[in-house]
Every structure is written in structure tokens, then in C-alpha cells.
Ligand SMILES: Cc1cc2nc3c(=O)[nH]c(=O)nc-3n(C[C@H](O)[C@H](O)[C@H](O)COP(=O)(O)OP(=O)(O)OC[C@H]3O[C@@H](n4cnc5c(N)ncnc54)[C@H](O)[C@@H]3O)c2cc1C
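Okay, here we've got a single chain as C-alpha cells, the form predicted alone, with questions on binding and movement later.
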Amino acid sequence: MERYDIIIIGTGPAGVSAAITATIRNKKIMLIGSKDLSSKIAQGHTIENYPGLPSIAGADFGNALKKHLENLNISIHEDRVSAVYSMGDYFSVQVGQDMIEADSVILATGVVAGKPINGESELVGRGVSYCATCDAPLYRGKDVIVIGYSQKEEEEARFLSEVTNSVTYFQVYKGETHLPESIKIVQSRPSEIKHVGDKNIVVDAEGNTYEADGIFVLRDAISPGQLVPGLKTEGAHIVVDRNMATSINGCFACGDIVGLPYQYIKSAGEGNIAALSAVGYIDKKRLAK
């Protein structure tokens, strides 16, 4: 299996900065996130406090970041990251349908909007999954529920409908759906996920209940505590020290995900520190061998 020096998750200013610094320090990296970078950047009107780029529009700032990545031949992988596992002296990261290994991981995912559904966190791995393409074989011939937070999740619902006995799709966004007639569409917001007996789990939504063998919660980002088992968090933020080191050895975090202020300049600086810390961690580990 191919192993990277550093896997960087997130393509906002923090993740891009980390990728640039790690590449300059000759590390083999994988940068995972949206090729459009952060949606906050694209929607930004004018950035006033970024040194050297006075009064730059958000879209222009995003284009400058993309250009910098292109100049260093840094590509962006858009597959969903479902889990990050610490394996002791390396990490195993679930990227799409693949498990990718790395000596170090940098989390730069930004702040995850919204709270988990009641019962969701407690049932992860016990009926709740975040990756349809990864866990679909577990539910072959069974009944599943998909909770989709954006239209792009419909693709995974269609895939599940080809493998499972039935799919009930909760549309937690506005607009039309483009799903086969075999998929039952529910336009209600789920309020709770819970177990019923030893097998089925249930979704409560606006006074109605829906049973299934498994539930797939598909949203753009997963809260850090769910993404990385054992990671120390405070609310929506990851706890780090001044070197951007988390509670897990070899795992670093930067940007909005580690706390206020939510500013591009702060995120970019922390991305630089996280990359330098990851480089130092890797080099020290290799010298010790």
C-alpha cells in the first residue's frame, strides 16, 4: 500500500498553507478537499487584513491560492474522508472506498456547521455510517435510511438502491431531487436516531418514525470527535498546543477547527506551523530508527 508522509484534510487557507509548506520541505503529501477550496472564501466580499493583498475580493483570493498550488504541482483529491485511525506509528485514513496510510495527518476541515442528530454519535459503528460506498456490502438485501444534507449525496443513495432491499431518503436541503422511483423520499428533518431491539434502528422525524437496518448520515463534513476516534475536543473545536499538535501523537490541526478568531490570516499561519510541526515529527521519528 502506498504511504504518504502527510495527509492534509481541508482546502481552506489553513489546509492550502500546510500543503504549500510541506511540499517546499520535500514531503510527499495528499491534499484532500474541495477543488473549489473553502465556500467561505468564494462568498467573501473583501479581505482587508491579509498582508500584501490589500482589499482583495474573496474570489480573487481563492484564485491566488489555487494558482500557488498549481505552481507547486499540488493536486487536490475530492473523495470523502470518513475516518482517521491512529495505528501507533502511522495513520490509516478512509478516503472514499480506499484506506490510505500516512506518517502524519493535518486536520484543517473548518468548523462543522450544526450539531449531530440526537443519538447519532452514540450509534456510530452500531448502525450509523458516514460512507455509503464503504459500508454498502454490510447492508446487501437489507433496508437502509439515507440522510442527505446536499444534492450531491443523491449519487450515494442511488448506489445503495442497487445493493440494498430498500432506501428511504431524507432530503435535508431545498430543491428538487433526482432519484429513481424505488427510493422513498421524506422531506422532514430527523430529530433523533435510536435503537429498537437488537437489530433495527429508528429515525424520529416530525412525529413520524422510520425503521431500517442501517442509517447513512451524509453531510459535507464530520465533527472532529467522530472523524478521529480518541481526539480531544472542546465543543466544536480541536484542542491543540502552540505547535498545532493534538492529543494524538502525529496528528496536527489548524484553522477554524481549533478555535477563534475565524480569519484567513490566522488560519494560514496555523497551517504553516502545523506543516512544520508535522515535518519535524516525521524527521525525528525516522532518525530514531
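Note that the rigid core is defined as the largest set of C-alphas that superpose within 1.5 Å between two forms. The model shown is predicted, which means the values in this text are computed figures rather than measured ones. All residue numbers are counted from 1 along the displayed sequence.
There is also a form predicted in complex with the ligand; it is not shown, and the following applies to it.
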Interface check vs the ligand in the model of the complex: of 29, 228, 32, 244, the one with a heavy atom inside 4.5 Å is 32
Check: Are any of the heavy atoms in residue 155 no more than 4.5 Å from a heavy atom of the ligand in the model of the complex?
Finding: no
**Message:** Even though the partner isn't displayed, in the model of the complex is residue 110 close enough to the ligand, meaning a heavy atom within 4.5 Å?
**Reply:** yes
ask   = So in the model of the complex, does any heavy atom of residue 249 sit within 4.5 Å of the ligand?
value = no
- Would residue 69 count as touching the ligand in the model of the complex under a 4.5 Å heavy atom rule? no
Counting only non-hydrogen atoms, the one stretch of 121 to 129, 170 to 178, 78 to 86, 135 to 143 within 4.5 angstroms of the ligand in the model of the complex is 78 to 86
Counting only heavy atoms and a 4.5 Å cut-off, does the ligand in the model of the complex sit next to every one of 9, 40 and 267? yes
CA of residue 75, rigid core aligned, shift of 2 Å or more between the shown form and the other one
no
Yes/no, residue 150 Cα shift of 2 Å or more between the shown form and the other one with rigid core fixed:
yes
